[in-house]
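Only one chain comes next, encoded as structure tokens, the form predicted on its own.
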């Protein structure tokens, strides 16, 4: 594997070339080295081809493919996964406004999502006997949630970094606490105490969205409605990002002090970012509540916030296409790793195992150069496995007494190659710790020792997966997601589609 690329160094004053032609000289106020950074970056052929396609064409292509998804797939579970993915994409682009555009670490973002869901539940259910039409409900939720974002931004205007994160995290936890305990509340305009939020039992039997005479009474209709809303939000945020406000947000993200010194209204920009992000989250919460036909406080805890941040970081903060792709990858990955019983009819394999070995193959393809060494690495790993199997059959019979826990074509192939102990739980735990340590050691080695150690590490990863991780999908999916994020941050800190920052030394 190649060593880490050298850090690009800005040329010193004495190393800069002379410019005999006045037109070639650097412009006043423009750092030429920084401005030409994009031309110096090496891009692959796929990246260059994608950049030549206009943004509107990529959006139309995505909409064309996504619009036929509910028609091409008649399985209601897969259609529901599609709707959930669109909801995550909306939440991710809304969070990207606060985190990616303005650079504000908002840990209370999920509360806006919950506030929109509970507002819809209050005005569109039998709880208070309000049954507002969707034409009034959705704009009302958008305005009210944006106003709540402004209120949260008011005490946070002078806060940055960790201090802002602590305040917003308190707001998120305050929302969960209020929704869990507002079962006996008496407000000044009420004649008696009432149950406001239903407590842990939430609010149920919500009305479906009936927009412009079309009732969303099926999962495909919710899919198309969420897709249309996603397109509207992305187009609106694109124009905002290209406006003066968007450029000011980026300046605020890079250096708040410099932005303020350039007479930019920093406090107003923060308030706008909170309002935009909150509005998107609130409207998405209304769709989520209507689709679920119920809202519960447990749906808006910190774990959902962590997943959203994983989507934004994976795709690349500041990139609309990146965070949308990150939402698709993360949600499909988490859903695929949950289903461990059904075998895919085309490939004859369970989704978790197919995802794991597919990710390993993709990771090796991205790291190993030249690609012909991939065959060498695969052959060395298989040879190491057969050697370990022969040694275990002679000296450790217990290590070959088990069988793969799941059926499938890959399971049949690894049965005679991997070790399957009789009681794999304890051994799998120790092997998992050893795998983490070996991966860390592998990153410190240099060639040729890294090549020599690669085969045992790959074999150990397959051993841990087949004997331990595949048996607990609820835990494994988050472990695998964390491993993907760590690997991506090590190789590409700006995410899949994010833009690397250019430091001036």
Partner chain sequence: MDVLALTPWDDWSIFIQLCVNGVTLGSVYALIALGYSMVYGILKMLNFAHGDVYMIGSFLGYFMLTSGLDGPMNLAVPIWLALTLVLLVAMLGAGLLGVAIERFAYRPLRNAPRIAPLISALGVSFFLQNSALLLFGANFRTYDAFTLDGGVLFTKGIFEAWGKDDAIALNLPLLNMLVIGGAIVLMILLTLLVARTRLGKAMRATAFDREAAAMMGINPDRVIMATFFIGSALAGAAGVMVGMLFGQVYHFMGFLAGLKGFTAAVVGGIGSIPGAMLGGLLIGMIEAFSTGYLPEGSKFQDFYVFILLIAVMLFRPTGLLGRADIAKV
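Numbering follows the first chain given and starts at 1. We call the rigid core the largest set of C-alpha positions that still match within 1.5 Å between the two forms. Bear in mind that the values here come from a model prediction, so they are computed numbers and not experimental data.
Form predicted in complex with the partner chain: not shown, discussed below.
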Using 4.5 Å between non-hydrogen atoms, is residue 485 touching the partner chain in the predicted bound form?
yes
So, in the predicted bound form, is residue 325 in contact with the partner chain at a 4.5 angstroms heavy atom limit?
no
Would residue 67 sit within 4.5 Å of the partner chain in the predicted bound form, counting heavy atoms only?
no
Does the partner chain get within 4.5 angstroms of any non-hydrogen atom of residue 204 in the predicted bound form?
no
Taking the partner chain in the predicted bound form, would 105, 167 and 181 all count as contacting it (heavy atom within 4.5 Å)?
yes
Given that the partner chain is left out here, which of 403, 131, 369, 186 has a heavy atom within 4.5 Å of it in the predicted bound form?
186
Answer option from 162, 412, 393, 76, heavy atom within 4.5 Å of the partner chain in the predicted bound form:
162
Looking at 403 to 411, 298 to 306, 283 to 291, 116 to 124, which stretch has residues with any non-hydrogen atom within 4.5 Å of the partner chain in the predicted bound form?
298 to 306
Relative to the partner chain in the predicted bound form, which residues of 251 to 287 have a heavy atom no more than 4.5 Å away?
257
Taking the rigid core as reference, does the Cα of residue 70 move 2 Å or more between the shown form and the other one?
no
Yes/no, residue 236 Cα shift of 2 Å or more between the shown form and the other one with rigid core fixed
no
Please state whether residue 445 has a C-alpha shift of 2 Å or more between the shown form and the other one, with the rigid core used for the fit.
yes
